[in-house]
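Same chain, two forms, each on its own as structure tokens: structure 1, then structure 2.
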Structure 1
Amino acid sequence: MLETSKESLIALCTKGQIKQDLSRIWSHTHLISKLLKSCVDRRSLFPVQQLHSITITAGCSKTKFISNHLMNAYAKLGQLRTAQNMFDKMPDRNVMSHNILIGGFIQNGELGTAIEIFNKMGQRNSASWNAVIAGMIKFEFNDEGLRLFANMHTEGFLPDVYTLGSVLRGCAGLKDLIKGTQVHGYVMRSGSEFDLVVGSSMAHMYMRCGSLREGESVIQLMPVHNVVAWNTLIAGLVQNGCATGALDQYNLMKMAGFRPDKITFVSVISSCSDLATLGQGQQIHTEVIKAGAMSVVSILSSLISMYSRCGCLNDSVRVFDEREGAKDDHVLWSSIIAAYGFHGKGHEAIKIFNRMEREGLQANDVTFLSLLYSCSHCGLEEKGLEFFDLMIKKYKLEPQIKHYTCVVDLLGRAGHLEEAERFIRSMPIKPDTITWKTLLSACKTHKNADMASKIAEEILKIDPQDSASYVLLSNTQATAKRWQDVSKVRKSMRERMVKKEPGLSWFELKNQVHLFVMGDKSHPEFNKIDLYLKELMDELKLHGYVPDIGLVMHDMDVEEKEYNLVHHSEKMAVAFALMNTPEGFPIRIMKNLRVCDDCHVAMKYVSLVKNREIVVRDASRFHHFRGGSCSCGDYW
């Protein structure tokens, strides 16, 4: 049929390297289909065109088998118009021809055209359904994808592992636990729960819906694992706030003989960010270098963020400056802007943004969010409002709730409380509890107890169980010495059974994390710490420290109040750190809530009296205490 010899055909597609398995193929048509496939894998279009003309000369270009494969190659290599032309001219299209074209359009982002082809198909098979369902879910039309899954079922097609994988991804995208659990039922009935892809997708679905336990058990029940299954588990743990568990699984994964890939690294680096365990972060950074992955943009952005959140801004800057690979990736620029902002260096953040504009890089919504955040955290109200304007007018970006909340923060921190409230009420999006809480926190900073009560009401209308708001409100009232109001807040908390989130601080010593819970005596060295704390506080008092007992919520006498204040988790952590580190060694402490006023004052005294640099990361930012003052300028 074909004049061209086998060897020259193979040479054409494999750059002269004749492969054993290819030269064993006898049928020319079979060989051509194999060669086309290899061209797609190597993403080279030229040999495809060559093969096309050869088949035309040989007169076999119109056979169904060959033309389907040619069309597939064109479609996969982005030559959709050519593929469609062939499709239109095909005398006898079959289901496969349709499916190929659908897949091609989906891969090239033309979902609409793919759906059109699907709708016009007279006959479909499971693969046709799978292709459109996967496409819909890929482009986040999850609802539509799931609807199609139901249609597929009513038309008598049985879902296979491809269908189930896509559908589970759709449920994950929608965070729809109910639908996801129903699909779990299908999975069990079809006996595909042990399939690697289905299992990982299902575990991912559960974890995205917050069902950590179910996700873990799906993974554990799988008889065979691969890197993706491990990654699903590790990422699921971090995303559900279980960073310690993620790092444990990471170690187990390595012990089981799996090599972490870029996605594993991203997840574990982000765990170190959450825990602010610098030592482990550095260790993983070394592993990344050894694995030769320092040019992967997602890893670099995680590293920049990790170092910043561990209190080492210099290292963030170093990773950014020495970045290999994509120098113009806007995510890296956004990361470094956020890193500066996290440390209260708004002017530096703005400089980076200006450089970004000069270099013609496209800032996106995240860039602006980081920028607004940086401005509000160092009192650059005017600048921040300018950027908000720039974002809308010049960059044509539609602000999201997060951006609006930043603006509220900008206005509120600067003391323009009424303007902030007006701004919230005039927003085109409905404010959420976070937006209101931002304003409430500004009320506390500026000691406006009346407004605080009003704003707290708004929040409790949306979420009556929001403990942080009760605490903020009560603290604001306490600052204004409105004791009756304080007890009113506490009463309603009791009535509604709202529990205050306990204050936690932790400190990393020799790669081990020591956790301190407010008022908790369970640390093995509690007695020693307690004794040391007492001495420390007395020493601070000699230098002028006065405990701010107004902040303690409970009805107690002065001595008890002081005792309570002394056992705030960050004070216990700093005592433990002072006891266990050499003189002059900087101390890094992390806290889950915002640092309280009294601890903030005490830390300043500690840094002065003990001549130590203390870095405290609280729920919203960093505080660098040195020589009796704090980098936040008492503004947090």
Structure 2
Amino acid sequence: MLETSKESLIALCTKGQIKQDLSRIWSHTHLISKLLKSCVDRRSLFPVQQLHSITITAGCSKTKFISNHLMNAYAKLGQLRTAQNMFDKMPDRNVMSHNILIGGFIQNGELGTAIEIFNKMGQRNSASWNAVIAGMIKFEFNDEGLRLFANMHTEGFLPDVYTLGSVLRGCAGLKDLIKGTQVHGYVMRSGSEFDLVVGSSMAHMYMRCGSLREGESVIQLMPVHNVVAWNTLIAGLVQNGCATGALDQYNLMKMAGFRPDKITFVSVISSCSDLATLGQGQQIHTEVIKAGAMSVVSILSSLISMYSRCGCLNDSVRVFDEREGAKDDHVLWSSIIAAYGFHGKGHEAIKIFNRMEREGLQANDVTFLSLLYSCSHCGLEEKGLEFFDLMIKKYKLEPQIKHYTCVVDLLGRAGHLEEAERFIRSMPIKPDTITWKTLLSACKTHKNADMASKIAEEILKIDPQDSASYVLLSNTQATAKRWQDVSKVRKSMRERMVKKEPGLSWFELKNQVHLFVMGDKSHPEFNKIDLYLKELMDELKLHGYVPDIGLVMHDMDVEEKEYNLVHHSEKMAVAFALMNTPEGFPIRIMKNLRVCDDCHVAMKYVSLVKNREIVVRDASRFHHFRGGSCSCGDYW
């Protein structure tokens, strides 16, 4: 009966005819709060204004009960100035009046105004503190949020599960394990460790701080799980580089009867991107379609990235072209620009950006980062510098360290090493190791051993344990046949106990990932692979391939150098793929480091001799080998 009355009254409100049924409202004043809540749920402003008008006419607008509910409706519908006006005219405000206004301003992004109201409050309750603490942490003022939490405790207010959840998220934002552990201790003393909100926030805190085992333990000890708990665990595994574990937990989640939501899908699609497991990525794409989630921007963006990182650029383009809704979302446009750039399609990336501008979409710093990256990997130096200029002058965007690094890469790849160094030293922000290593890599490419030594010194001032810098410097010196300098670099590595990151390559076969490492004979088919590799190299030599033994960075005899080259991880991976896939089947190899010059040349010959498309993803980009050539040309 009550629900019928509420629905009929809302209908009258919508039609502007509510004055015909005033008696029913005043005989059931509790209906007003329910009516207003329904108006908020339906995002209907006009009925709220109708009710407000009636309360003024009836002389009830200054009643706290009615005023608070009206103000709450206005605040939640984004009519903050109306809510503020009501608040200012209230002769008798209470704590709820202040809390409603604080919550409204925070919801609408006006944290500063909310804090001003909070500071002027005479009396507060726990909800007042919770709202402002949560607001500060939501807008990433984590230190301030934690300080306010301490003040709350000092003033005698006991935090509840919502306070603790917010504070733990603040510790996660700061990656402050010490403070997070202290809050964990408080949670244990308060008996809130089994609350779903607190437990999930605590696990998130540990995982963001890199303490994966502790985070997993918190989730496992929770007596009841929900989707949020599963999402926390899966996202934490992804953030800590455990992509395989994230996919395992995703499967367990489904087996336990939980339905994945958009947060779950984004995390597991990211796992497939990291592992480059195309088969599993395609399965999850199917599940996204079945769940009706193909209009969610974050999922579409993740799918574009996943297909791109699995070597399937055409599938990335298909997801972008067939997107449902969100046609004007700059995140998706930036994602497809990045996908083209990652595959060395700089001109196509620029065309997408031009389309974006024609359609009046606002590019952001991510868009320009993708454009600069695309230009640097396609030898489009002048165009890249134009975009950097456009970003600053037309779009008024402040470049970040990654944008500056891309410009260094543009100049370095073009051989303008001195100009690149001057650019770094003139940057308004302090260069990091990646910026200097970008130039060091260019020194290696252009065989400038003297500059390489100088640049390596800059890197080692910042991070003396950076193994990649030692390796780049050593390789540059070896290319110049400066074997004594190579020995010095390697001696320095030994003295500082710096270990070179091993080169890994992997290939997915029937949803199983096969890993290859140079010198590692543990693969069950190693002997067959070794024999096949020898035959393959002999066949390539008949077609003109000559091993570049100058790339072997040790002073050893020719036979040993050639053996080392043959057993690079990417060559072993492609041999395994050729042995286990049908003729004409495209091969996709993933590698954790840059592909060396000799392997790059060898892949061209393999694609020609075996008539295969070979796609190699290294630490920098994709290389598409077809018919004896590579899509990246000389800019890889």
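Bear in mind that the values here come from a model prediction, so they are computed numbers and not experimental data. Take the two forms, find the largest set of C-alpha atoms that superpose within 1.5 Å, and that set is the rigid core. Counting starts at 1 and follows the sequence of structure 1.
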| query | finding |
| --- | --- |
| Identity of the form predicted on its own among structures 1 and 2 | 2 |
| Per-residue C-alpha change between structure 1 and structure 2, R588, threshold 2 Å, rigid core fit | no |
| Core-fitted comparison between structure 1 and structure 2 - CA shift at Q49, Å | 2.7 |
